[in-house]
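Just one chain follows, in the form predicted alone, and it is written as structure tokens.
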Amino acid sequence: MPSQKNIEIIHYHEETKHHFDRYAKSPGYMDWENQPDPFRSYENTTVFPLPLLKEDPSVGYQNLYRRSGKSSQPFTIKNIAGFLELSLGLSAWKAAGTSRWSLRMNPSSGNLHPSEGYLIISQTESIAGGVYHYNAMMHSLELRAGVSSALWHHITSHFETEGFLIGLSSIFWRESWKYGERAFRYCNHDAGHALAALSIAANLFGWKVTYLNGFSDEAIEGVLGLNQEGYHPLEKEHPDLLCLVYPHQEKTISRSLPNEIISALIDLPFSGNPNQLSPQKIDWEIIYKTADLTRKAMTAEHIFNYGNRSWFTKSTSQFSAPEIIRKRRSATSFDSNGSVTRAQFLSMLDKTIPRNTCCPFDAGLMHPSTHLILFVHNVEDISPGLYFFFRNDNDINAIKQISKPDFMWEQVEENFPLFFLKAGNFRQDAMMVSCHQEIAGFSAFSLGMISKFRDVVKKEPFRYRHLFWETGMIGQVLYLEAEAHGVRGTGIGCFFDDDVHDIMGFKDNQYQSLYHFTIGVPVEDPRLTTYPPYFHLKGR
């Protein structure tokens, strides 16, 4: 029997589905005067401006994922700043008329950026040891609490490696201002986007990011100072995750900290007053209730084995890894005649398969639970039609059994988990299920991320959030893969959930569609002007 907690989480999921005749509840209009500030800052703190990279790490495209062949860089403030710049920093400014807005390295639903980053670091050559908030706008660290060398020694002794801790939190109001009740989904997509961005950026410096999956939300909240006074209740930050960043090495590390170290961090005297984001807030109660229902308690540490599947394709790119990260954008329009090659298509899918010692999925979030339903429109040497791609071979039979009986399930390539289901022009279907958006049908291909749902949430309710994190991580890989191959992608959060399930023939919630994505040849908007990411800091 499902618990009351499971019932209420499933209620949120069902309540926030879009339908042809009813969208999930939202404000229904854009209250621009009340739009939340996209940048969190803390007043009355010591601020440390960070240096910008004068030269990007000299690493090629494959080093977005592969860990071999790179030496670990020292944990200097210059390198830590570069890591933050290439993961959570600004990538550009856009302007149209009198309006100007920033873009970031990590994608975000509606470019609203609910995710905030925090570091716990030791003393470096120019910065005191402490708990810091990363201010992306100013590319600076704001000191929330000091960490003594003795306490830091206890932390490094426990992990038996040097490095630093990095955490993420979510401000639900930033997304709910526009998207209403469905915003909880999008905040968790963005946590996954950010986790993947951190993992990939760390790899450029020879570092590895590991999710500390033993931690409770309460402990993360405490060590990052998110339980302090000063937050408006509806602008409060929800704790998402805490990771260790350390030199890549073939060793197993702990996924938590001893209680005495956690208590010592929580008991630190925190300072700083969070800025107010909006004059007024709307209380979407179902979001905060679901956030409470999905809070994670302390759990046993878990190490996931993703196997060492060899790369199916040996694709290349004319761009370096940092260039690809910096180029990442969300497409707003596609050339309906645009295409990708068969090799590019297979390469993009291949990079979404978790592997040991390949980022970002070796961060160790969870057992792979998400697969891809693909609407192929214009891929060279691939017949237009409906396809399915498995990221976990264990689910192949289960999904086949609950799908439509007339699907062909023809394997496209030997030893590659891509299956041809049905031939035909699915452009209209793709647009229809993605809230009638042309970008889903005018692309080279689009997809829905189908996650093992009911059993995962029933067993561990906090995994409801993790499923969205996993889809966000997949989305970030697809964003970078599109840029690497000279095209562009965009995430789609608006889709008619159950109509996607109907295409597959699903009759219940064993599997659910949680995120959509589309890739094609972009059509640029000539009305927009682009400015460098930190032009506003010139002269600093």
Ligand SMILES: Cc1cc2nc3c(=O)[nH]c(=O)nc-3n(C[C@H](O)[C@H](O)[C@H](O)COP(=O)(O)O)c2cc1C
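Fair warning: this is a prediction, and the values are worked out from it, not measured in the lab. In case it trips you up, residue 1 is the first one in the sequence shown, and so on.
There is another form of this protein, the form predicted together with this ligand, and it is not shown here; the text below is about that form.
Legend entry - this ligand: the contacting residue among 477, 50, 492, 504 in the model of the complex [heavy atom, 4.5 Å]: Spelling it out, the residue with a heavy atom inside the cut-off is 492.
Inset, instruction - Would you kindly say which of 140, 256, 317, 330 lies with a heavy atom within 4.5 Å of this ligand in the model of the complex? - result: Only one option qualifies, and that one is 330.
Inset, instruction - Flag this candidate site as yes only if 108, 111 and 439 all have a heavy atom within 4.5 Å of this ligand in the model of the complex; otherwise mark no. - result: Per the other structure, all of 108, 111 and 439 touch this ligand.
Legend entry - Contact segment among 96-104, 119-127, 421-429, 77-85, judged by heavy atoms lying within 4.5 Å of this ligand in the model of the complex: Partner-contacting stretch among the options: 96-104.
Legend entry - Heavy atom of residue 511 within 4.5 Å of this ligand in the model of the complex: Close contact is absent here: in the model of the complex, residue 511 is far from this ligand, nothing within 4.5 Å, heavy atoms only.
Legend entry - Partner proximity in the model of the complex: residue 193 to this ligand, non-hydrogen atom cutoff 4.5 Å: Output for residue 193 is yes: heavy atoms within 4.5 Å of this ligand.
Inset, instruction - Heavy atoms within 4.5 Å of this ligand in the model of the complex is the criterion; list the residues of 513-535 that meet it. - result: The stretch touches the partner through 515 alone.
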